[in-house]
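First, one chain by itself in structure tokens, the form predicted on its own.
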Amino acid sequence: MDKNSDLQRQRPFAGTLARLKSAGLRPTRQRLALGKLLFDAGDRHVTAEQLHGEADAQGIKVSLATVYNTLNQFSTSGLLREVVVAPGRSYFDTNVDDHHHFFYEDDATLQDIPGDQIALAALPDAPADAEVARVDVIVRLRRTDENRS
């Protein structure tokens, strides 16, 4: 058994704790539990409802409102990136690096597109009192007839 997996078993929240501290967030029980679910699975896209269901399945007692609040706090602090695909429909992305998304309208799933695979010829000038913080591109897809399940 390697040292990292042994350490992870002894301190299962160590990675999440470090993330929360680096983002300036107090490591509450709910933040630690939800952060572990989010970040231990690698890069992923989840809705608040999906994360709430995962928490419930793991026996983590947390309200849906707390899940929403935690996801929004994680996004504000830079731990997550919110991807709005439609009014009232957001996914939270654990990959905060520069990238874009394919959105499959048929089954409402997201897939990452590396940032260097999208090229924009030009952006409009930002107003004098603002600067461009980030550009998000969502390419909406429908599966072809032969690829629908």
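Each residue number is its position in the shown sequence, starting from 1. Here the structure is a predicted model, which is why all the values come from computation and not from measurement.
The protein also exists as the form predicted together with the DNA; that form is not presented, and the subsequent description refers to it.
- Highlighted residues T76, H100 and R140: none comes within 4.5 Å of the DNA in the predicted complex, counting any heavy atom.
- This chain appears without its partner; in the predicted complex, the one residue of A65, V96, L123, A108 with a heavy atom within 4.5 Å of the DNA is A65.
- The closest non-hydrogen atom of G88 lies within 4.5 Å of the DNA in the predicted complex.
- Using a 4.5 angstroms limit between non-hydrogen atoms, G53 is distant from the DNA in the predicted complex.
- When contacts are judged by a 4.5 Å heavy atom cut-off, R31 counts as touching the DNA in the predicted complex.
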